[in-house]
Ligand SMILES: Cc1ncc(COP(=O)(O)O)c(C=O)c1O
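Next comes just one chain, in C-alpha cells: the form predicted alone.
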C-alpha cells in the first residue's frame, strides 16, 4: 500500500484477478483499475487521467458523476432506498410515464428490470405469449446477454458458452455491408440480406413466427450499421409472417446515435422496445415498453425484486431531463459528425483502417491487414496494439466485432469538439506507432 493507504492500480487489479471468475475479461495487458471519474475523464489509482471514449460500454450518457443525476439519486436514497414492484413508488410511476411519452410509436405500458439481458428476455416472452407462437428471428453478430436465452439470441460464438441453445431462435444475416454475406454492394444489392429473412422463415420455422429482435446498430457485433431501408424491409417481412418487432435499444437509445432512439428515421414503429445502459447514466436499470394489448398477454404472476428500484428510477428520470435540458441528443449528432469526419480522415492516412461506420457518438473502426487493395483479413493484433497505445497516451476506447478487430469509439454525450480533437490526436499518434500491419485473425 501507499503511504496514504490508497491502493495502487496494480494492487486493485491483482485482487480483482484473484477473486473474480477467470472468465471475467479486462482490457489491456495490465488491467486498468479506475478510482474516480467526472464528466468525460476517469482517473486510475495511480493518479493518471484518461479521456473516456467508451463510457462504461455506452452506459455513461450524460457524463460521469453528473451533479443533477447524482443529486436525484441521493435525494431518493434518503427518502426510500428500495422496495419491490409489489409497492408503487412515485419514482417508478413517473419514469414509466416519461418513457411511454418518449418512445417511438404508440406504446403505452412499461415494465422494469435491471439489465439489458432481462429486458430482452421479457420482450421475447411477451412476443411469444401475445402471438401464441415460439419462434424468434434474431441476427447474426447480434448480442442479447449472458442468460440461456440471451446466449441463444446472440449471434456471436465468443459469448455462447452453453452448447445446448434454445431451438426456437433462428438467425438471419446481419446487414454487414463491409463483409456482405452475399458478396454484393449497397445499393445495387437491393437489400438482399433483408429479403433473405423471408426464406429463413419459410425454410427453418413453422412458417409463422412470434417476432424479430434487432438492434438498430449492432454494438457488440462491431458497430454494424444497416444501410437505409434495411430495417423497414426486414420488419415488413416479419409482419407478413405474423411476428412482432422487438427493437433492442439497449445500446442505441437515449441520444447515443444522434437521435433519441436508434430506430428514429427508419419509418418503423416497434411493437416492443427494450432499453438499458444509457437510460440512467450507469445506474442498474432496464425497461420494456409496449402496447397495452401485448402487455396484457402476460397472464401469469409478474413482479421484479430489483426492477424499478426507486434510486435507479430517480437517476433515470434525471438523466432524461439532462439529455433534454443540455441539448445532448443534438450534441451527439453534431459532435458525432465531427468525430466521424476525423475518423474518416484517419482512414485515408492509415491503410489498416478498412471501414469507418456508425452514427452520432456510436462509431467503429474495422481494422484489416495492410495489404493490396481489397484485402479485408481482420487485423486482431493491430486492434489490441491500438488499445494499448491509446491507453498509454490517455485515451480509453473499446473493442468488438466477431473477430475482435473493431475499435469502438463511444464517448459520453457531453463530449465537446475539443475532446474529440484531443482523442483524434491520440488516435493518430497510436496508429502511427503501430505502423504497417500484417497480422491476421488467426
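Here the structure is a predicted model, which means the values were calculated and not measured. Positions refer to the first chain, counted from 1.
There is another form of this protein, the form predicted together with the ligand, and it is not shown here; the text below is about that form.
Only one of 126, 287, 238, 220 gets a heavy atom within 4.5 Å of the ligand in the predicted bound form. Which one? Of the candidates 126, 287, 238, 220, 220 is the one lying within 4.5 Å of the ligand in the predicted bound form.
Among the candidates 312, 257, 143, 352, the residue which, in the predicted bound form, approaches the ligand to within 4.5 Å (heavy atoms): So the residue touching the ligand in the predicted bound form, by this definition, is 143.
Pick the stretch from 79-87, 212-220, 184-192, 339-347 whose residues have a heavy atom within 4.5 Å of the ligand in the predicted bound form. Correct option: 212-220.
Would you check, heavy atoms only and a 4.5 Å threshold, whether residue 281 touches the ligand in the predicted bound form? No - in the predicted bound form, heavy atoms of residue 281 and the ligand never come within 4.5 Å of each other.
Would residue 250 count as a contact of the ligand in the predicted bound form, using a 4.5 angstroms cut-off between non-hydrogen atoms? Because a heavy atom of residue 250 falls inside 4.5 Å of the ligand in the predicted bound form, the answer is yes.
So, residue 120 and the ligand: in the predicted bound form, are they within 4.5 Å at any heavy atom pair? Residue 120: yes, in contact with the ligand in the predicted bound form.
Please determine whether residue 116 contacts the ligand in the predicted bound form, using a 4.5 Å cut-off between heavy atoms. Because a heavy atom of residue 116 falls inside 4.5 Å of the ligand in the predicted bound form, the answer is yes.
Going by heavy atoms, what in 274-299 lies within 4.5 angstroms of the ligand in the predicted bound form? The stretch 274-299, when checked against the ligand in the predicted bound form, contributes only 277 at the 4.5 Å heavy-atom cut-off.
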